[in-house]
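One chain comes next, on its own, written as structure tokens: the form predicted on its own.
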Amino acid sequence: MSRSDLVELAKRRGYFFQSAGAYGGVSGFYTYGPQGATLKANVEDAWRERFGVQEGHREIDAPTVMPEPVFEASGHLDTFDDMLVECPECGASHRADHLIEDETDIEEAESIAIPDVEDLIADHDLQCPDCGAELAGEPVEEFNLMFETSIGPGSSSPGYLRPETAQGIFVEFPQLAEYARNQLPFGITQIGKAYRNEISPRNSLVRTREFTQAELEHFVDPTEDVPDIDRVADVELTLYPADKQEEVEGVEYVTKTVREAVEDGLVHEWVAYYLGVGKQWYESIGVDMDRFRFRQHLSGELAHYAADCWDAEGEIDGDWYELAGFAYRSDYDLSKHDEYSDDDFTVFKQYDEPKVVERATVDPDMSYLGPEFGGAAGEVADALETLAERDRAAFEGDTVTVEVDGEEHEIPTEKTGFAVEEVKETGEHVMPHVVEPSIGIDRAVYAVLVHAYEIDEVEGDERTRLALEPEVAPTFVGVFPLMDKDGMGELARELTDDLRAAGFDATYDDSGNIGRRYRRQDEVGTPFCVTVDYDSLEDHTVTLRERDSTEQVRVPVAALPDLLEDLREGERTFADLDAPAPEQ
């Protein structure tokens, strides 16, 4: 299968296609058709069930536009960049690291510093993919990926379309912690649109400018909370650690269970737990585990917020693509919002019994600080308080030095009101750490379609089918009358309505011969088809056909909903049913 084969099938069968085709199309934006929208929704529902319901986490829905200060605090304004090189002849913009990966044997060029990227472009004589002009000597620059907008009239209130759903969770942490009764650990999930102004979108759903993310932010006490590894201990992981990626010859994976990866210190325990959950989930929606791995980020490609990160990657057309990131974000996000905002992003942890502790305090003499430091007096007082908490020894001399806005200020110790007192504490404020599985829903959909695409033969004829898992297939059952005559059409329509009322995605089709209708549903990925024939009018049975094996059995109409439910839930397999009837 080539990528163009899948794209053609996706457009023809209503899975996805480039948006605004009537106006020439727009790069990086895709519309999901009737089949694709349902497949995508089914994948999202499966994610909610596994990462939300089964893990005991709750979901929110935050705005997609947020004010500029949010992204100043998060670091996205300064660090959310890709490497851009512009063609000197045609003016086309290209992502420099992708050019290197496409035209050389170098992988993960994103982790390479810009000067080295410029050297590689020159050393390999890389050319503009659009016009063939030489790119050697052209500057490689950082390009911020966020879409900017204005909130309200004019430009006085700048905002940005969120580049990740995570910030919508982080900025609401004080309120969300209240809902969780300030008890750690707790998790918040969100599924929604995110936006990145990609330099050169490509590979259909793999890299787009608007996409859907499913993210979980799991807030934990780093000193006490540990995952229940037993729940996924025996899940086997195919790991591609950073040190293995640096080896010159070949690709060497490390295969370990989740428990082994934790015990060997290869993966952080919280990250390893969610790698296990992630593998189970991807397998359940139909991603081929023979084309699936977890790759550790190299130091140069780690996001600004991540202490460690492993990507779930799927093999598509011989290349590996990121499907998800599993990051340990430590307290980066909450501490930044705590610093920049007017709210408290800690959780108060109550002690079992009060503790008597020594606490260093200051009570600065403002009658001295005011005349001495003017408008900076308040900041100097705050700096003295912070220093007392961090370093009591700094107050042992005659003077104390603090830094405010890069400038050092010296204060007589006697003017600081420094003292050490015994106080009774009932608890302490904890800055939670964050564990984040971040799933690209569009990429999951694309991987599912690619891995489900198969070509085989049925009675000597070539057949294209999507071997989609019943859990996510957009149409679960097709219902056909053998012919739309003698009451067969009416019975088939009635049966279709009954199956829909029972909660199945059912479609009615009487167009063309029965074999053509089967092939049409095979290509759409419908797991089962039901045919109403003359016998159905007499004995109230129908033919049930399985997509993958093409085998058929006769089943009573009355038993059909329960039977289909068992097949959908995995309670029974088609092989468990009665002996196959001859194919029609």
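Computed from a predicted structure; not experimentally measured. The first residue of the shown sequence is 1; numbering continues from there.
From this point on, the text means the form predicted in complex with a small molecule, which you will not see here.
Chemist: In the model of the complex, does L323 come within 4.5 Å of the small molecule, counting heavy atoms only?
Modeler: Answer yes; at least one heavy atom of L323 falls within 4.5 Å of the small molecule in the model of the complex.
Chemist: Even though the small molecule is not shown here, does L205 get within 4.5 Å of it in the model of the complex, heavy atoms only?
Modeler: Within the cut-off, so yes.
Chemist: May I ask you to state whether V450 is within 4.5 Å of the small molecule in the model of the complex, using heavy atom distances?
Modeler: Although the small molecule is absent here, V450 would stay clear of it in the model of the complex, with no heavy atoms inside 4.5 Å.
Chemist: Is F219 close to the small molecule in the model of the complex, meaning a heavy atom pair under 4.5 Å apart or at it?
Modeler: No, F219 is distant from the partner.
Chemist: Which residue, R329, K279, H268, H94, has a heavy atom that falls within 4.5 Å of the small molecule in the model of the complex?
Modeler: Of the listed residues, the single hit is R329.
Chemist: Tell me, which of H337, R465, R196, R293 has a heavy atom within 4.5 angstroms of the small molecule in the model of the complex?
Modeler: Looking at the other structure, the residue within range turns out to be R196.
Chemist: The small molecule isn't shown here, but in the model of the complex, which of 352 to 360, 210 to 218, 470 to 478, 181 to 189 has heavy atoms within 4.5 Å of it?
Modeler: Selected stretch: 210 to 218.
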